[in-house]
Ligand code: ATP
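Presented as structure tokens, the chain that follows is alone, the form predicted alone.
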């Protein structure tokens, strides 16, 4: 069962989990990111509960449960159509792999808060005492052992305790700090920022999957992606994240993209900001190098890396000789997947070309059946006409389709005749 999409439904389900635990004599609170977001007036849909009840007791008290982190005391409770993570208060042992604690000890609320990453994520909330941001003091019902409430008021991201120790435990926390600061519009505490810079190289030891996932979250709609990209450069994290030298460069293209731009388009914009001069585009060799390197560095899917490559290639063609090309190559480019995303990049890099490109597109729609009509001729047609399949088929069909796009052939008979003249 996925987490709920309805914030109020999720909150009520989590409150019912807390009430059920308390009715059996256990301490229980909302915990972590949902508390932070509630206190900021946001509407979280993911609610976590922290309790002194051990995992076996949680499984005993709720009808529908599953272990999602047995070694760390985390049980997923399904209640009222929602899935709520219930975690036993714990203290963490050493992090020998710089990712997860070697062992955990069940603890109390204070110990649990002190093992968390940042103070704004280490708050607990009593849902029975909290009256909402608009109806009461921000601190109503808040249990704060680490100064997180003051940092929330000051809009600061600060590590819990010694920032060097927190970052050494899990190097990915450096990226999480950037993500939280960018998404929330907070500043980084000076000591935390200095520790992140000092530990930046250690990020190379983090799995590429985890790094890529953090960047996806930073570049998601509403996540403050240009601020995140700027902080990555400022803190020296861009080099280990992208597996290339750090570059002090504008993020103007990335910042100007529509908020809903796809992840691949955001990466393409950032590549332009980092590797091309203002108002310039990347060339074929540069596009290929960036796409290959970032695919490895961010563990991109084939579709994502191909989308980056395609959009940047289309941009290069539009900024090059596309307007003076023939009808067929012009139509083929417009029909390619990623064309509109490339146009959004063209608007930002070469706005002088947008109007003439759009005007030519309108003209192309009125020529010989539009941009991408159904082919008049297929391989099956050639075989039915007596031709033997072979490598020439692809070249002939492409040439015949070009003739169709340009209006030189207008029906199947004309298309077949052209194919025969080409030797099939």
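Residue numbers count along the first chain shown, from 1. All values derive from a computational prediction rather than experimental measurement.
The protein also exists as the form predicted together with the ligand; that form is not presented, and the subsequent description refers to it.
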Position in contact with the ligand when the complex is considered in the model of the complex, options 295, 179, 349, 309, heavy atoms within 4.5 Å: 179
Residue (of 304, 189, 151, 170) lying close to the ligand in the model of the complex, criterion heavy atoms within 4.5 Å: 170
Every residue of 33, 45 and 117 near the ligand in the model of the complex, heavy atom within 4.5 Å: yes
Option from 179 to 187, 245 to 253, 142 to 150, 258 to 266 whose residues, in the model of the complex, bring a heavy atom within 4.5 Å of the ligand: 179 to 187
Non-hydrogen atom contact residue 37 with the ligand in the model of the complex at 4.5 angstroms: yes
Residue contact check: residue 217 to the ligand in the model of the complex, 4.5 Å heavy atom: yes
Contact label in the model of the complex: residue 121 to the ligand, heavy atom within 4.5 Å: yes
